[in-house]
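Quick setup: one chain, the form predicted alone, written in structure tokens, and binding and motion questions come after.
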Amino acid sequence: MGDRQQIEEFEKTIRILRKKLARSEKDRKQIESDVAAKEALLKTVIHKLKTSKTTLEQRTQDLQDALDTMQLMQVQLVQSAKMSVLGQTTAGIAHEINNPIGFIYSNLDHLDEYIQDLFKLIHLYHHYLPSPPTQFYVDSEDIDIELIEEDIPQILQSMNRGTQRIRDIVLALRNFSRLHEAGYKAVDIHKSIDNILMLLQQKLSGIEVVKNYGELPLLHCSAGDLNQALINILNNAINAIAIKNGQTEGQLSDPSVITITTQYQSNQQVVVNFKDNGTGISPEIIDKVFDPFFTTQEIGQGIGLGLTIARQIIVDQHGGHIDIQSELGRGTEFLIRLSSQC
């Protein structure tokens, strides 16, 4: 009986263990099912997160693109408004100045002839009337006829040079505005630069301009817009030199210089280089100089659109390139490359 009872106890224990094993297997399968469900849920959540991240990144990029587009449109609107006002103003000023100056200039030669005739007449009077009345000597004591005869031609020459100078400035204004030329034209870029230098002559006072012009073909471009880009870059160089001069309070070891170099390369590219020895640009901000509304000048001195507009005209409008190299305290160099058939 003892052995049988033990066998029954073993069988009972085995049945209990089998039931526990069955429950454990059921629990295991349930746990595996729960884990699989949680894994599936986790994968779904991760996928949704990735999708949301991608969507968010796309929306962020879309917003950035929209912001860039709006800024570019703003720059273009400002540029168009400035060029329109500038063009109308310069054309109007040129027209108003040209008429009276043309009248003066065209009459200087006649005035010179008449004065020479009067001097001849005076000499004839002296020759044929060597002994004029006493009153003549009284009235002529305060008149130095010899000095007048010597000085008047010099005065007329000075007036002639002055009116010619004004006519050159008027022509430079008209060439700069180029309102009468629509679309793209064949342009002598050296002439454009010279016109701009003439217009900036007052700001260039105390600055030596060195021109190293190479042989260039005519450049097919929008003349008025390209003039705007070039004058903005030159203004930037002038301002950099002015700031440096102000910081050093006139104690400069080297004279202020802007060097303009042009050359024509074998790949049909026109290269224009503007180099100044102004303040230079620090490495931390050099990548920002073409950004809209970025400026290092004091409030009221500039709105930070000059170089942005220059880049938009050269790169976006004409398909060219503009690179910048600078060393803080030593100066800045702008390198412009344009296809001669742009």
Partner chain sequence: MFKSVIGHSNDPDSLMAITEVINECTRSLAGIKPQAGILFTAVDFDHSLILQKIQDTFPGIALIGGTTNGEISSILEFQQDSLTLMLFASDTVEIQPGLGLNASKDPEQAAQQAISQAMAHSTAQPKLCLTFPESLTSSGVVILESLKRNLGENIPIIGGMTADDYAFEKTYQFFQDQVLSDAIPVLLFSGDLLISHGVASGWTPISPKSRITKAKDNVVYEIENQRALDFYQQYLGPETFAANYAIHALAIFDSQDRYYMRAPNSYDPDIGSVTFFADIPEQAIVQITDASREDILKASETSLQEAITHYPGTNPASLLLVSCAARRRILGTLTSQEYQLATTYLPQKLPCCGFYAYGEIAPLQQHSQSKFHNKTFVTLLLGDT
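Residue numbers count along the first chain shown, from 1. Small disclaimer: the values here were computed from a predicted structure and weren't measured. Whichever C-alpha set is largest while still superposing within 1.5 Å between the two forms counts as the rigid core.
Another form exists, predicted together with the partner chain; not displayed. Remarks below refer to it.
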Would residue 34 show up as a contact with the partner chain in the model of the complex if we use heavy atoms at 4.5 Å?
-> yes
Any non-hydrogen atom of residue 328 within 4.5 angstroms of the partner chain in the model of the complex | no
Consider residue 63 of the chain shown here, and say whether it contacts the partner chain in the model of the complex, taking contact as heavy atoms within 4.5 Å.
-> no
So in the model of the complex, does any heavy atom of residue 54 sit within 4.5 Å of the partner chain?
-> no
Any idea which of 270-278, 43-51, 283-291, 307-315 reaches within 4.5 Å of the partner chain in the model of the complex, heavy atoms considered?
-> 43-51
Who in 3-18 is close to the partner chain in the model of the complex, meaning a heavy atom within 4.5 Å?
-> 12, 15, 16
For residue 65, state whether the C-alpha moves by 2 Å or more between this form and the one not shown after rigid core superposition.
-> no
Does residue 34 count as moved between this form and the one not shown, where moved means a C-alpha shift of 2 angstroms or more after fitting the rigid core?
-> yes
